[in-house]
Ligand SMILES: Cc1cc2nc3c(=O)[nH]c(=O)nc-3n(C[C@H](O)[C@H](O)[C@H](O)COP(=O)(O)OP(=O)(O)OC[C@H]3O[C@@H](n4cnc5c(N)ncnc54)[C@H](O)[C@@H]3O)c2cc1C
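The chain that follows stands alone, in the form predicted on its own, written as structure tokens.
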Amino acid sequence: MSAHYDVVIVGGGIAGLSLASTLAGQCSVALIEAEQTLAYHTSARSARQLIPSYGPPVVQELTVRTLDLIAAQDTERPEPVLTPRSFLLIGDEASVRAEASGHMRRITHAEALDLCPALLPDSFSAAGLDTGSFACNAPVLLEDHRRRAEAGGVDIITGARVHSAQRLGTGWELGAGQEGFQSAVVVNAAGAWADELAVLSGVEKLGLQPYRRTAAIVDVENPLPEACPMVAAADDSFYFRPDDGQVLISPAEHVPSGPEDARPYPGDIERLVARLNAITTLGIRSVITAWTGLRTEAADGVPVAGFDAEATGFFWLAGQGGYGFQTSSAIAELAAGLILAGQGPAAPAAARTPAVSPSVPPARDASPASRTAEALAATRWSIRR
């Protein structure tokens, strides 16, 4: 016998958990995760930095809203999620000029060296600084979403991989693990497996592509001060930041992959260690641990959030790329509004969020939630409309 819900969310990473905590108490929700542990794949392998100047304009706007939402909830948490940590972009003049955005200001070579003395002076010629960037305590944020979701009545089921899904009458029926689920809305928050879930559900896939991104924690002779910014190359060839007396480093690769439990390729971290030892005074001595996550993207680089126009009740919440944490709260706010606005299950009148027509975007002086909606309205209101 199947359990009945208004909404079933498939995927227990930051996307699914943030939506579950936003919907909690407003309708009946189940969250299904294939692994035994929530946030096992990409969400557990985050660089833990939220950067308003990082990504295309849509992502930057979603990041600003997410930062606002997390900061407001930080006032209620015993341990905050956000800690100020600037983002320093370095490279040659042309690459820095091309990558610097409205949230980043240009700084002098000397100012950049003052901020990160570990950089060798001849390793770069231009720099930009984003002082609105924050370190993100990802485990605290994930646990807070889980706690809020369960406190609001969300059923969280782990170790239950979806093996069947079909549209029946006015709703959906899913088989996951040994259990069955029925719901009016299925949310596809399956990350790198989002297209696979669509095909299993009889829904046309969107061509979402996972990409590899490797990182490591290394031991160094000369630790960075904790006040040091996160430092990234403008040509996307590396980044590094302090990490409790050690240093997190990444070759920032963007290599296509299938959906998998990704692992580092031999040589990727070793080559980066050699390069960083040549352009900094870090003196990297050893690799303590290394991991690889998958950043899943749509072809246009815009996160996918909306009902599929050809599959009633099938809601896409995927394609956040490398911006999952920094856009998660804003996209969850938008997605919950769409689901509760009558396009999904019935909800109490007080919980409804007015739907916004794709052809009439909200005004620029509208509420922050409406600005978030506007950021995605052009391409994501109704998938394949």
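Keep in mind that this is a model prediction, so the values were computed, not measured. Numbering starts at 1 and runs along the sequence shown.
A second form of this protein, the form predicted in complex with the named molecule, is not displayed here; the remarks below concern that form.
Tell me, please, which stretch of 263-271, 107-115, 210-218, 91-99 lies within 4.5 angstroms of the named molecule in the predicted bound form when heavy atoms are compared? Result of the contact check: 210-218.
Residue among His254, Arg161, Arg77, Lys205 with a heavy atom within 4.5 Å of the named molecule in the predicted bound form: Of the listed residues, the single hit is Arg161.
Contact residue in the predicted bound form, from Ile32, Val58, Ala336, Ile70 (heavy atom within 4.5 Å of the named molecule): Selected residue: Ile32.
Would Leu141 count as touching the named molecule in the predicted bound form under a 4.5 Å heavy atom rule? No, Leu141 is distant from the partner.
Partner contact for Gln49 in the predicted bound form: the named molecule, 4.5 angstroms, heavy atom: Yes.
Heavy atom of Ser329 within 4.5 Å of the named molecule in the predicted bound form: Flag for Ser329 set to no.
Given that the partner is absent here, does Gly293 sit within 4.5 Å of the named molecule in the predicted bound form, heavy atoms only? Contact check for Gly293: yes, within 4.5 Å of the named molecule in the predicted bound form.
Looking in the predicted bound form, is the named molecule within 4.5 Å of a heavy atom from each of Gly13, Ala189 and Gly324? Checking in the predicted bound form: Gly13, Ala189 and Gly324 are all within 4.5 Å of the named molecule.
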